[in-house]
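Take a look at this single chain, the form predicted alone, given in structure tokens.
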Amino acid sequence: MEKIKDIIKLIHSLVPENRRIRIMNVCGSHEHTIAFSGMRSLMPNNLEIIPGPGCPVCVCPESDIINAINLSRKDDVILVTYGDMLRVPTQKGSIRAEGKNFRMITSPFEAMNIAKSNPDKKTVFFSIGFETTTAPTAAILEMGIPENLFILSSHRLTPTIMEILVKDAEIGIDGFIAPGHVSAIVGSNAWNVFSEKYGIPTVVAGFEAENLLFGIMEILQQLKNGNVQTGNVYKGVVRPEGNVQAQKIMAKFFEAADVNWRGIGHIPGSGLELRAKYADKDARKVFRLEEIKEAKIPGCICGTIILGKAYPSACKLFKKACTPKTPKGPCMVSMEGACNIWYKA
């Protein structure tokens, strides 16, 4: 406890009195620790720790979810996906409310088992998430998936969206806390672009409050000293090069694609789709899925929150019409969504 107090005291001494510092975290688990530990209340008034696009469920395009609903309504299809995705609201309702043949899974390997157990059905794995969940999806493809299993990929690239945020002057990011789980795959070197190209310190941190405080402290020290670089206070898990084998398998099956982010819009090269070589496993191509125009949710500001331009408390629906039991927007659904976290903290 004394050690944490010392870190907080040092953080206060490092924050300049004449300017506002904005540090963004891009990990739902980081935001969970920050909110539930009361960390913000212990920071200097002119130091903001803002939540960014760290929730994969929140940024999954409405079009993909509606296509998943439609696939589940086919008599010869079983749709499988992660639990949070079943509750995400769209203009056509959620998968749980409007879908027909769907099952919740916790890993891609369960999708393989379901496909093997139902050889007379086409099993579609609605696979979402950042690099952390892309790796196991690539792993089952490397193992060899059943002929009746197809992938509806809605994977997103973390460094790409972070670079988009840096270029947005309205957000005004002074430093990044890099996501620990993603960094374990891509490596701490993946964040070098922010220090080398943009002069923004980026520090990889774990999920304990003390480790996060160390990350914040290092960012502030770099800003004060002018020695900007990529830091890593999670070295027991994250290596500079990351998980090279996982990266190779991901690159074998997936390639960068121009995709939509819910509430944000079209971002070139920010998603991952199956390579043309594996088109026979690509649900988009096999089922000839089409892009569906996203509908705005009246009053919902999830997109603004994801971009770090507003806190959940700024939304007029927050804790009123929008709650974890009756979510109006995707940020209230997942335990990694900023609105869900702030509601429960």
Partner chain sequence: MKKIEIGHGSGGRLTRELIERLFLKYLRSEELKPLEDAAYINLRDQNIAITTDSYVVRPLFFPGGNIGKLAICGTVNDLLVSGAMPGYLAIGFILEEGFPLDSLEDILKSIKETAQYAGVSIVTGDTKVVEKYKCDGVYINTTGVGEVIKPLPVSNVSPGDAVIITGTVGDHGMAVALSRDEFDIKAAVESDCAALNELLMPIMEIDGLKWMRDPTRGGVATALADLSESTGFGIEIFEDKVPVREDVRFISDMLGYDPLYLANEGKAILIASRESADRIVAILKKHPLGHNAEVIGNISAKFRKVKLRTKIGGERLLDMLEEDMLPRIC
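Positions refer to the first chain, counted from 1. Only a predicted model underlies this, so the values are computations on that prediction, with no experimental measurement involved.
The same protein also has a form predicted in complex with the partner chain, omitted here; what follows describes it.
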property: Residue contact check: G38 to the partner chain in the model of the complex, 4.5 Å heavy atom; result: yes
property: Exercise: V286 in contact with the partner chain in the model of the complex, heavy atom 4.5 Å; result: no
property: K344: touches the partner chain in the model of the complex, heavy atom cutoff 4.5 angstroms; result: yes
property: Touches the partner chain in the model of the complex: V15 (any heavy atom, 4.5 Å); result: no
property: Location of the partner chain contact in the model of the complex, chosen stretch of 274-282, 38-46, 52-60, 304-312 [non-hydrogen atom, 4.5 Å]; result: 38-46
property: Partner-contacting position among A139, A209, I171, M217 - heavy atom within 4.5 Å of the partner chain in the model of the complex; result: A209
property: Contacts with the partner chain in the model of the complex - residues in 303-324 whose heavy atoms fall within 4.5 Å; result: T323, P324
